[in-house]
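Below you will find one chain, with nothing else, as structure tokens; this is the form predicted on its own, and questions on how it binds or moves follow later.
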Amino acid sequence: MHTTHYRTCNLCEAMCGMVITVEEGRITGIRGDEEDPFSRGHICPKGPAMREVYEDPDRLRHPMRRTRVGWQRISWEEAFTEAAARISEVRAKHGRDAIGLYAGNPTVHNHGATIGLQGFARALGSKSRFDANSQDANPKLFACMLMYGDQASIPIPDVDRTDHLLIFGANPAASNGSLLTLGDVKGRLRGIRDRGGRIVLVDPRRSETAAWCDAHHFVRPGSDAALLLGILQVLFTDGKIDRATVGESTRGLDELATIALRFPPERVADATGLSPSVIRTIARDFAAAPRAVAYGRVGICHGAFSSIASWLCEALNVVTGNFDRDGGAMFTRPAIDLGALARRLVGNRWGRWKSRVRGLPEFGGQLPGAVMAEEMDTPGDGQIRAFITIAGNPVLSTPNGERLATALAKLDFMVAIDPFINETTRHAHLILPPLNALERGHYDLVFHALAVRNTAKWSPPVMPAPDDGRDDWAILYELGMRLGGMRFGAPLLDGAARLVWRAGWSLTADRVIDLLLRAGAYGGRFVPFRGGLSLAALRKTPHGIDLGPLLPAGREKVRTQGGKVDLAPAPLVADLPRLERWLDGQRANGLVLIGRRHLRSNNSWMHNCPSLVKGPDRSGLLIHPTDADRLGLTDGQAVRVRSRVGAVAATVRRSDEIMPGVVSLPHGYGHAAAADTLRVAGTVAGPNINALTDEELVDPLTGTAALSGVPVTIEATD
């Protein structure tokens, strides 16, 4: 029997459409869907690897209990009963905050996990909550909350219509976009240049994206905030800001101008590594473009001044008139309003409580991941004694991962909702494996809301789910109900959850998606015979629906008091003296470390696929030839890289693609600890870069880890 399925890849943010063929119960082919209106046939190597993930013999299919003699298969009933009992025991003895909860990056690629996590977290009742955003996204979300009044009001570069794209610290050629859903990334970026536009990249590495750009400029890690102030100073000094027009929709413009004028290019040049003339050229070219947009991503979110940098990147778009207009930074109008959902489930909150040991603030109900280990290994009231991970591998993705691994091993109890025994979940007492992505339906709840074009698409299951399988929603729902009842903050949904659970029925994530579609901007709003989007309507359009380009929406998306963009948010302005002290002070002249990713890798969770890890070793330590010569290092030489918190072995790769004074290791490697349970990944060379990153280096406003610019030393070992 031969069947053809149309699906959206859920392995990164690009939402690439795929055509999957199945014969006699086996996947025989995966290719790009040329009829998908968003991705237009584009697909990267990770998409076809979904077959390998589905067939992976190391993937767990049943709940597992760790025993003294190894892992033991148990039933779902045993697993739920034991997990609920052990968590309740810790909660009763030590309080709710003694239970930690961590949600990893794959959670947002799964609508059931995304929605179910909120109700589960409320059932748990703990303030010791963490997620992957504090490794990369919180500074941008924080800046958006302060400027636009809502952390879910995230302007998206209108890539399809801009004439000038200025990129800070992003590598869409490898990531396919981040907080920027960019289907057909190469085609869309090529389109800018084809219509006579320009792309300029500012990054410490001449990355894969640089090959698609008109210009690339090296910048010292962590100096983006200073550079952006220098750019703004040029624009204000040159009179390129239409103060009257910008002032109509903003507040704080004069204060921002006064701040920027303190940072001429000559003041920031040494810290950034860019000459004053280059800074002025970047600024003036941006201002001269008919339609321009600045886009900053992981690179500017990984520094000690990442919240300030994220604010200034947004401000650059606003003050130049490139906000909420074609070709600039625009808001999406998705079929499901993520902002409305987030405001109900998460809210716009900051600093309501702080971490127990270091006093770092919560943001959106989450504490920064940089404090997890110390909250586990520091005795006292509120010490984390039990831990739950959902689709996460924080040992490889949070700073000082070795300390976290040691802390996890000493917990009273740990449960992981994960399909693999990896470097983190190997410490769990119970592992509850969810269905594979191809065994469940899929709707990109998060990434449709971050896309460069408004679209909607439903992906039905490709492969049959096993009779005893559970998806992430079902696992969270069952465990949450046993721990006190799922609480979503929506009375109707909360009541339905209690009713169906008591009756033994199933409230599914797919039904929730249908309700949200009907209630959304393109739905019928439950008016009889009105029609509109619904799950049934999407099922009839397997390639997806094009809902049109981005449209001006500032009046709906700017939710500050008075409805004006705040260009000088008080918490960010108050942090500027810290930046000035760093800028004018003595900075170390040694090497600093940054990470990197590859198109064939997705954080730490795609290295067990043979097709993705084959080929040349991509784990080497990039170092500029001038630095290598100074240290007497040759290509291929074994070295030891040290930071304040640890040391790893690496192999030298001399390259002028990295700027002098900077070295780079890839993110997500270091699988030796799980070599017996991830048998392909265990053979892949490369150290865990987060054995070197320092949990003490953070942006204090959000507690986001400064994973770039970590001071290191290098010594030869042979």
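Position 1 is the first residue in the sequence shown; the rest follow in order. Quick caveat: nothing in here was measured; it's all calculated off a predicted structure.
There is another form of this protein, the form predicted together with a small molecule, and it is not shown here; the text below is about that form.
Within 4.5 Å of any heavy atom of the small molecule in the predicted complex lies no heavy atom of K457. The closest heavy atom approach of A271 to the small molecule in the predicted complex falls outside 4.5 Å. When contacts are judged by a 4.5 Å heavy atom cut-off, K140 does not count as touching the small molecule in the predicted complex.
Though the partner is left out of this view, S601 does reach within 4.5 Å of the small molecule in the predicted complex, counting heavy atoms only.
For the three residues D203, H302 and G595, a heavy atom within 4.5 Å of the small molecule turns up in the predicted complex in every case. The stretch that touches the small molecule in the predicted complex, counting heavy atoms within 4.5 Å, is 417-425, out of 331-339, 314-322, 417-425, 642-650.
For the options P172, G230, G116, G401, the residue carrying a heavy atom within 4.5 angstroms of the small molecule in the predicted complex is P172.
Proximity to the small molecule in the predicted complex, defined as a heavy atom within 4.5 Å, holds among N393, N608, T162, Q151 only for N393.
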